[in-house]
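Read the single chain below, which is given as structure tokens and is the form predicted alone.
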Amino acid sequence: MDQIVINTGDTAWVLVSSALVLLMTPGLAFFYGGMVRAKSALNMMMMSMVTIGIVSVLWVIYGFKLAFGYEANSPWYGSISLSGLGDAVNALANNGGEYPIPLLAFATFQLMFAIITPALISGAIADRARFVAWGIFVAIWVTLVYFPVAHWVFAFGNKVGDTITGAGFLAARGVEDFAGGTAVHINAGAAGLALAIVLGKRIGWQRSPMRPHSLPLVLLGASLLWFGWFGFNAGSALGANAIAGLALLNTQVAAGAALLGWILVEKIRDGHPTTLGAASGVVAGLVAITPACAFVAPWAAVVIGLIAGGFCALAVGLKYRFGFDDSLDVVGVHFVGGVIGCLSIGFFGSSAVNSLGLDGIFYGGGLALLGKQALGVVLVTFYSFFLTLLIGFAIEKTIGFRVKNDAELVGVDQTEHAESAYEMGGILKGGR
């Protein structure tokens, strides 16, 4: 066996980044948990937490191979194998080229992306989903939607000499998505819209107030997401290098600019900026810069963040215009933000910033790169939306996806988990 040469600095960065990205899912649980009513807070958090368990197990059994395996040499999916990653021990990561990091470190890093993507969808159906049905949905959805789409976008193939086999459809066509604008955010946003349609509106939607029950939890969740996102984006460089530094800085400034863009829209439109708007703006900026973070200059990251913050602040109102109950604005933030980020590369992309990227319109590259980006947006949107519709309707018509009306009125914390986030039973005698 050839001696494996590991770069310890790159490996350490990928391992730390994996932990940072995992932290994003509990952060999402706090973010979503604070945004719902008190009677649904635990259920909302549990939808994220159970996703960690389900996807982690499936990833080892067949998920990584389906997303990144190359044996089938297919542009649409990896290899259908139940190897359990046993053949990955002591191997180097090889994804369009060999990296000096363990393959298992790369697999672990990519697992964290597979976990948070379905967790993002849960916000679209808050307050009204059966917990068991959600678990079944996650298992089916990652198998039929996320794993293949991850292959399209992230699988650059196995390189041996000058030959590359098994590259994904979009990756092979030059679609630029550094950390998941298509595979994660557009994918989850389109799926969230489909599930919101399948489950229908909450009882009292647009008639009863459904305000966030804990804005401090929302801010805590947004802060954890912001912190973890540095691993999400900069970790995608798969090494402690200049591209990681660029991605990290762009992530920071885009999030900050989007925060300002969102609250500026609120100030002009409503007369006051809000805490919820600030937190949502941060997430919108993080979403938008995700695909572009390694392909644009920092000044462009600021512009992308401002655009995302402003447009997403306006886009969250589309659910009222079109009549779909996207409870926690998965469509308005993740789908719209993801589209903005992916298409922005076609304008702001610069090969001077990253030699692996192409020049966009503002750098004399013409429409070619924008056309590639649009292809990725359209293909992932339609695939995710329609397949999620089929999965959602199949679950609803068999075991039932939505809780009964009485259970929804009581609250899914009590009916699905026999728990409540806050005990208000009164003070015991003796002051205890």
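Counting begins at 1, following the sequence as shown. None of these values were measured; they are calculated from a predicted model.
Only in words, not in the display: the form predicted in complex with another copy of the chain, which the text now covers.
Among T143, S81, N73, S223, the residue placing a heavy atom within 4.5 Å of another copy of the chain in the model of the complex is S223. Checking I395, V50, L387, L370 for any heavy atom within 4.5 Å of another copy of the chain in the model of the complex turns up a single hit: V50. In the model of the complex, another copy of the chain lies within 4.5 Å of some heavy atom of V302. None of the heavy atoms of G157 is located within 4.5 Å of another copy of the chain in the model of the complex. Not displayed here, another copy of the chain is kept clear of A194 by more than 4.5 Å at the level of heavy atoms in the model of the complex. Heavy atoms of F347 never reach within 4.5 Å of another copy of the chain in the model of the complex, leaving it off the interface. Judged by heavy atoms within 4.5 Å of another copy of the chain in the model of the complex, the contact stretch among the candidates 338-346, 147-155, 175-183, 207-215 is 207-215.
For the partner-free chain shown, F131, V132 of 129-148 come within 4.5 angstroms of another copy of the chain in the model of the complex, judged by any non-hydrogen atom.
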